[in-house]
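Here's a solo chain for you in structure tokens, the form predicted on its own.
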């Protein structure tokens, strides 16, 4: 099975075919979504989940910490955004900053308890902390609205100082979300292709060896957890703005399981772009198979099982193997005439 370490680093330059295709799809989605039988709001959902999945894969794929309670930070971000709009001021940048900071602080606290763990112990503790956040969202009715959640969260205008752009329309909101996602993905790309990204992979491969060569493994794991939670919080703030509500289900174990499934199916363990493929595949399955049968999640689950059993490196790994095979065959064909001439 290939791994992220088998994919050559790009030195942080974003000028790659994958980045070009991603940005092109992000920029043109509103113009072709309806023509292929989809709807405009789907673009917002997919973009937000891509942001969540890419941030999650920093922890899951790059450093190998299998967090199964990461939906908690998506929910913390959503609640922080809603509480800021309803209790402080109707302000877009303030709300998003509150979402990022709240999720980062929550992640920092949890990471302080779990960063010295790996494997099943880390996974179980991440689930336990995720359930604590979910339980608090249910019980702290005076703050979170209990099971009803926060309703009627306003969508603030995009204020750039010299101009204010309303985001009430889904198409306008999509363009804003797309810009946020594009900037975030570029930042993540630069991060994982910097020396810091290689250190993450070194820790994933052999934590003891990384510690012996001088890296502060605990601190790097803690920092990665905080960064991943901050990206989840940003996605949660955008989610609350899009839904105009925040509710406990956002941080449930079900949501945490979905993001793991998306990243695994897409191939986040072997590719930077794996989470994008997984998110797109999930939403396409939900809309196309869901239009045929109510049991679409059963079929997606079977697809997930088949993928894990036959191609554990996911869609991205499958594409990488096919490209390598095609490249090998092309090289063989190009060398054949030379051999004949000799």
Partner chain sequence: MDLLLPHIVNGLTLGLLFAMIALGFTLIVGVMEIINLAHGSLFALGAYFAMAWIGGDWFGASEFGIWWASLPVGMRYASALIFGPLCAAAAGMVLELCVRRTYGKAPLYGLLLTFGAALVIEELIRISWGTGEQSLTVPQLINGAFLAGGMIFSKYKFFAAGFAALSIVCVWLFLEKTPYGAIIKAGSHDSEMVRALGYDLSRLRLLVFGLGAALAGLAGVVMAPIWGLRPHIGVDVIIPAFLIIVLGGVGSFWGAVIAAALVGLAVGITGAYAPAWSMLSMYLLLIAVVTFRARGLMGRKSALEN
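Numbering follows the first chain given and starts at 1. Keep in mind that this is a model prediction, so the values were computed, not measured.
What comes next is about the form predicted in complex with its partner chain, which does not appear here.
- At a distance of at most 4.5 angstroms from its partner chain in the predicted bound form, all three residues 68, 139 and 257 contribute at least one non-hydrogen atom.
- Of the residues 166, 119, 152, 214, just one reaches its partner chain in the predicted bound form with a heavy atom at 4.5 Å or closer; this is 119.
- A heavy atom within 4.5 Å of its partner chain in the predicted bound form is found for one listed residue only; from 308, 33, 27, 280, this is 308.
- Using a 4.5 Å cutoff between non-hydrogen atoms, residue 301 counts as a contact of its partner chain in the predicted bound form.
- Although the partner is absent here, residue 182 sits far enough away that none of its heavy atoms falls within 4.5 Å of its partner chain in the predicted bound form.
- Taking the partner from elsewhere, residue 297 is found to have a heavy atom lying within 4.5 Å of its partner chain in the predicted bound form.
- In the predicted bound form, no heavy atom of residue 205 sits within 4.5 Å of its partner chain.
- Listed stretches are 123 to 131, 241 to 249, 184 to 192, 78 to 86; the contact stretch with its partner chain in the predicted bound form is 123 to 131, by a heavy atom cutoff of 4.5 Å.
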